[in-house]
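Before any questions on binding or motion, here is one chain by itself as structure tokens, the form predicted on its own.
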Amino acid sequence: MISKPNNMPTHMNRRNWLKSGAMMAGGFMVAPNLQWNLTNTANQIAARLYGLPADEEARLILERPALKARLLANENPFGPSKKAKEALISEIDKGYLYGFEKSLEFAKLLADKYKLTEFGERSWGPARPTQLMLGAGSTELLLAASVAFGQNEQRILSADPTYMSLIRSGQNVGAEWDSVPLTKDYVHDLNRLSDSLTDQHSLVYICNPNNPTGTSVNPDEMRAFCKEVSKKKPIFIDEAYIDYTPDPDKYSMADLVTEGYNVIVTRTFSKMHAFAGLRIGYTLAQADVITEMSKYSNGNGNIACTSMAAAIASYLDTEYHQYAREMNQKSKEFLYKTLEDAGYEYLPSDTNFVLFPVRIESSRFAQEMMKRGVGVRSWSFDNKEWCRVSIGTMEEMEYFAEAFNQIS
């Protein structure tokens, strides 16, 4: 259990929340008057991820070779799709416009996809689906949910380890966190989550597929869990990596929203669609939940019309979706073989990253890889040291293999 920080306000108004949310979404404070090139910026971020002190961070940045393989942020190096880039370029001349019309067009596509039937009246312009909320990537939506369900010392229940954005930002507004371990196969333990739920909890958070393990829950078991547990408390399902599962429509719980269950599903274009730098995401939930979360976000007002145009094109480009999955799988199989040939085990992944245990301290392993121009992430849990490798291009995976074989 994490206690509420000292001097933490118990309520945040919209203006203060947006200010703090912007800082939190940024992730790192950048010192003024410093001009970093892209390589040093990536190395600086990596050094901070490894928890290095400032002097060690500075030394590593100065001594570090160029980053040859950026495998630390779960980005998709195979996109954006050609059609998305063409749409973005074609919209450039309209960059002076707010994205009202494009956001409505995008919202209608999603409403049709998920069979949303509830539309709200507006003072001007066409009605919008009330069970849908757009955002500049899913981070903004996670932050909004963290305040809606975390402020005033509410309690959030999740697995551990899992993706911590919602939980950490919730703690920043006074939330307390209760966690349960994953199963022996590093999958969400739905039975234990259900047994641990109390009246004091305001939200159950599930990242599926899970980050950092890359594992996903059996969809039939997940569906049964959501139908039962959502009668007691809302369930927030972070589906950032759902497009990499064997059957995304089956693994997704989005249809439960239409069926009336108290389930919140958030999706992002940062992974499969390769929009990490273009910032598109959306949340599906019951209308009253969307209304509450909207108090802490500008929603579609934060998205550029250029990004929205590209998102529409990418969403419709099913050929690119298949291409991205195939390229991801090809590089992942190369990574699996690299690890197997060196006698390493790994967790089979339903995502665009792979987690495997290392034989030295994980932060040291990551530093040694970075010295060789390969950025990866380190983890420690379950009395083991772990490395998480994002899936890159085949050239990047070959750089990984070369560096890995030098230190394994």
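Nothing here was measured: the structure is a model prediction, and the numbers come from that model. Each residue number is its position in the shown sequence, starting from 1.
Keep in mind the form predicted together with a small molecule is missing from the figure; the text below concerns it.
Remark: all three candidate residues (L142, Y241 and T268) come within 4.5 Å of the small molecule in the predicted complex, counting heavy atoms only. Among A84, V173, C207, L284, the residue placing a heavy atom within 4.5 Å of the small molecule in the predicted complex is C207. Distance criterion of 4.5 Å from any heavy atom to the small molecule in the predicted complex singles out G137 from the list G137, P234, G79, G99. Put simply, R279 is close to the small molecule in the predicted complex: some heavy atom of it is within 4.5 Å. Looking at Y296, you'd find every heavy atom of it more than 4.5 angstroms from the small molecule in the predicted complex. Contact check for S158: no non-hydrogen atom falls within 4.5 Å of the small molecule in the predicted complex. Remark: S216 does not count among the residues lining the small molecule in the predicted complex, judged by a heavy atom distance of 4.5 Å or less. The stretch from 326-334, 183-191, 196-204, 271-279 that comes within 4.5 Å of the small molecule in the predicted complex, counting heavy atoms only, is 271-279.
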